[in-house]
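Here you get one chain, nothing else, as structure tokens; it is the form predicted on its own.
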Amino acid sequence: MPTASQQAARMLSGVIQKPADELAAMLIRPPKPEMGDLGFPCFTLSKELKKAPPQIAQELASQLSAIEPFAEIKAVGPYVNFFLSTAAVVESSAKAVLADPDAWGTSSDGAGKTVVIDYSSPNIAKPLGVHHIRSTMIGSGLSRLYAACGYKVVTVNHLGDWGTNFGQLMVSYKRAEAENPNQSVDIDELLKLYIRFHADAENDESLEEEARGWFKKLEDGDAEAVRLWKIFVEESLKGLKKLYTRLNVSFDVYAGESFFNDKMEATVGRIEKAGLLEESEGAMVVDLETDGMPPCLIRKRDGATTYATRDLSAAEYRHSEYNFNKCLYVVANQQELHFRQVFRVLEKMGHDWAKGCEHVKFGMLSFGKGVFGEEKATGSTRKGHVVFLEDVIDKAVDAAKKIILENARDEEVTAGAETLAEQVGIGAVIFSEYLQRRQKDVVFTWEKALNLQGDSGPYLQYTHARLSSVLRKYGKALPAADAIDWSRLGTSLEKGVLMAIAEYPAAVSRATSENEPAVVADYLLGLCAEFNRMFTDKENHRIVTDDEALSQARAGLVEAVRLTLHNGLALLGLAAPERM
């Protein structure tokens, strides 16, 4: 069902002859309820039509007939204002939510289509670094959004599980094993071994050559090298999956760089067969000068393949395996040229499906003063200076627990403080990634992340708990949506909440089409603001009144807000606590 904004835009489009999407983006909410529910400003049309905005508004209003969901359309100064009927808004919001809560916000837009989403993709043999949170959370949010819109979603973690660093780990492991035959190899110990290697190598240059020798053994299939590599990979995945579970993140496929070792030669052969491979200073490249890009390096002078070769092979494999309509790469802004080159080479190879490949770019993450004291999140892993994501989560959970215990007024909240702190602390970290559009840089501070009153995950979770509390105080089961007398909801604040609820499906659809989970985050903050405006006006909007029909309608409205907020939080990967 189209939203009120979409219907108003379609009506305007029939008169102005402009795309409805363009007009929908111009619609505003008037500052006062008596001015209408939606307003269309005519200023931008003034130059084009060579008329004053008020005159344009009058002419447009005279050409528009008030049909459902609109009770009236009229010109007010330079605006065309649309007045919604309460019955129509209820039908597209509260009644729709209560009729089928699980389906609220979902669609069949992507039915029959497949999207592959490549995200997180850390180097293994060390804990997940905090800098991986952006790709991890944006990709995870997108996976749920696409699923809600009916797509078949395949999530891929393209692990960094190959390279000379594994030779370094083998050297360090063998040295440690000689000292202690019972040497452990969990993910934390692997990090220590990596750091130890580089510390030892500063005093013994032969270790680097020994490491290259071990990696060569691995490439050649040496039994001992392969055995150690498999142990390193398995133990790394155990540690990574444990943290992913805390973050409510999962993957269908863990296919790292090593998975494509035996597939790259065939890809290079296809590039050559397409007449694209050229020699350049001993290396093999694809010339992209006519596309305004430097050459794409396929094979180095020493014959080694490159990241581009692997990504080309991965794209071909994924399309062959999953027949995707879209393949999204959730990777930082800095890799824009790399993916432009890869996608263009795929197109030149004759792969029409390459047009469905997209680089979902995002900005950098930094930390405000006092977040980590003197630590630097951009430091060197070799020297042990990097900040790990689990440390951030643990610190967030500890901070959340302190706030919860300081403010708890409910014995059940105090008793469940450990679980609640985990939900709120992790929610704060996750939501901080959705506070603004993904291509912008993010500055993380505890003050913003854990604020119960501001734009934060805990604020949304607190509002959900507050809604749950209101319903507990009402204390009665709600009847079916059709049995509630929704006509009792007549105030401008109630109508504002109903309109906000009605916009949820459109927010989910737009977030998906723009690959932008922040759209849902913005929507949820706006929904909570609308509800809180109504809820704080207790004199005129009490839930429990002497008029049972009115109380029932208002309780139904509260439940519709709660369910919408619950569904939206789930899309972003946040828990929805019943008590806080």
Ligand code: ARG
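Here the structure is a predicted model, which is why all the values come from computation and not from measurement. Each residue number is its position in the shown sequence, starting from 1.
Just so you know, the form predicted in complex with the named molecule exists too; it's not on screen, but the next bit is about it.
Enquirer: Flag this candidate site as yes only if 118, 123 and 160 all have a heavy atom within 4.5 Å of the named molecule in the predicted bound form; otherwise mark no.
Expert: Checked in the predicted bound form: all three residues contact the named molecule.
Enquirer: Answer with yes or no whether residue 339 is in contact with the named molecule in the predicted bound form, where contact means some heavy atom within 4.5 Å.
Expert: Looking in the predicted bound form, residue contacts with the named molecule include residue 339, since a heavy atom lies within 4.5 Å.
Enquirer: Would residue 335 count as touching the named molecule in the predicted bound form under a 4.5 Å heavy atom rule?
Expert: Looking in the predicted bound form, residue contacts with the named molecule include residue 335, since a heavy atom lies within 4.5 Å.
Enquirer: For residue 438, is any heavy atom within 4.5 Å of the named molecule in the predicted bound form, or not?
Expert: So residue 438 does not count as contacting the named molecule.
Enquirer: Against the named molecule in the predicted bound form, would residue 494 count as a contact residue? Criterion: heavy atoms within 4.5 Å.
Expert: Residue-level check for residue 494: no, no contact with the named molecule.
Enquirer: Thinking of the named molecule in the predicted bound form, which stretch from 323-331, 456-464, 78-86, 219-227 has heavy atoms inside 4.5 Å of it?
Expert: Result for this chain: 323-331.
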